[in-house]
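Presented below, as structure tokens, is a lone chain in the form predicted on its own.
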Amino acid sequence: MVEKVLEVKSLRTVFSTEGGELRAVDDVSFSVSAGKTLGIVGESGCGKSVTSLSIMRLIPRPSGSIESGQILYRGQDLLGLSSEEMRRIRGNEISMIFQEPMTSLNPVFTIGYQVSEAIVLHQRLTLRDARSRAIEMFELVGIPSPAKRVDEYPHQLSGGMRQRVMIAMALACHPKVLIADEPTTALDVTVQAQILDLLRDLQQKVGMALILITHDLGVVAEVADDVVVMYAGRVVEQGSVKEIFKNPKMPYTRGLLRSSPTLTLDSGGRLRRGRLETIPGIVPSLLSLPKGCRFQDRCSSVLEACRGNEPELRLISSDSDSRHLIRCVRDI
């Protein structure tokens, strides 16, 4: 059996707003094993990033809080740890690559210092040894002339190089779990492919579990083993990447797949871009959710039963590798 490094069970994260209590993450459960990649997908505002911040226990207080659930890292519930105990795990055993490297890196410190700082804090190395480790990490993530670049500032680097610095920082302490939140956002497709290849190669070398948070289904199809589809704070479909892409059951998942760009060959052998479909309507406000299925007002297959009680996440198939679950009342 492959070890489940991280398990999230019935996680609920709420925020207090002027309009009332907002459940950004509502009863979310999943797990990821050593050496495997879990993709979390969905539209903006579905709860992907809040889920990752909950795992890291970085929910801003006092407006936000983790209301209930468990986050088990190697069997230990992170929600029961003190702030000091969590600091020893965060950035050391569980690391995160944030969405925008330019705002995540401090503009007044060199990139080498920022990576070294984390190494000194968690690995108890001297500054000289930490600097050497930073140079090694820069070389590992494909930054050219690392011994020179280590003394440069974030503004001196391209977007792709800054993203590599963030990956080097996240991997500097050899974490067991890496959370990558939109790691290729705002990068051109060539650099995007390089970053994804880099993450795959590093994962194989160190055997870490990877949680990839993205809205890009093409990225998920390329690198993930399992997929969690989220909508309005809920998990609506979950299974292996092969099953989800080959046999999607939830109307929302089908809509996401149809809205992804495709290329086909015409009769003359020329590449043509397929027509993009859209999901009508907008995501409902988390402060005024409809009774029943949260996707009902946008669903082309809606039934009267969809407007009753909200469906539970139910198992529709399983094998030795994965379980396929959906949150839908329709007969599959």
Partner chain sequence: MLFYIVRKLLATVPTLFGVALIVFVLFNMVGGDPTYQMLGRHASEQQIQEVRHEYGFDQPKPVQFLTYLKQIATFDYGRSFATRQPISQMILEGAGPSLSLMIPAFLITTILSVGIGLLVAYFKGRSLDRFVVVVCVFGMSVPMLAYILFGQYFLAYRWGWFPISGYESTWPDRIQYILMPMLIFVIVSLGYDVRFYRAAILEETTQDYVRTARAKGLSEFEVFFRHVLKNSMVPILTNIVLEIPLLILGAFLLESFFGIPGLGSITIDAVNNSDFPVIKAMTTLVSFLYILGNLATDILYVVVDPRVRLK
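All of these numbers come straight from a predicted model, not from anything done at the bench. Numbering follows the first chain given and starts at 1.
What comes next is about the form predicted together with its partner chain, which does not appear here.
Peer 1: Looking in the predicted complex, any heavy atom of R149 within 4.5 Å of its partner chain?
Peer 2: Contact with its partner chain, no.
Peer 1: Going by a heavy atom distance of 4.5 Å, is V283 a contact of its partner chain in the predicted complex?
Peer 2: No, V283 is distant from the partner.
Peer 1: Heavy atom to heavy atom, is Y73 within 4.5 Å of its partner chain in the predicted complex?
Peer 2: It does not: once its partner chain is placed as it appears in the predicted complex, Y73 has no heavy atom within 4.5 Å of it.
Peer 1: Although the partner isn't part of this model, could you tell me whether R131 comes within 4.5 Å of its partner chain in the predicted complex, counting any heavy atom of the residue?
Peer 2: R131 lies outside the contact set for its partner chain.
Peer 1: For the interface check, one of 297 to 305, 28 to 36, 54 to 62, 284 to 292 should have non-hydrogen atoms within 4.5 Å of its partner chain in the predicted complex; which one?
Peer 2: After filtering at 4.5 Å, what remains is 54 to 62.
Peer 1: Which of these residues, R234, R164, H122, K249, gets a heavy atom within 4.5 Å of its partner chain in the predicted complex?
Peer 2: If I apply the 4.5 Å criterion carefully, the residue I get is H122.
Peer 1: Looking at D225, E117, D216, E222, which is the one with a non-hydrogen atom within 4.5 Å of its partner chain in the predicted complex?
Peer 2: Comparing distances to its partner chain in the predicted complex, the residue within 4.5 Å is E117.
Peer 1: At 4.5 Å, heavy atom to heavy atom, what parts of 155 to 183 sit next to its partner chain in the predicted complex? List them in sequence order, or say none.
Peer 2: Heavy-atom contacts to its partner chain in the predicted complex: H155, Q156, M166, M169.
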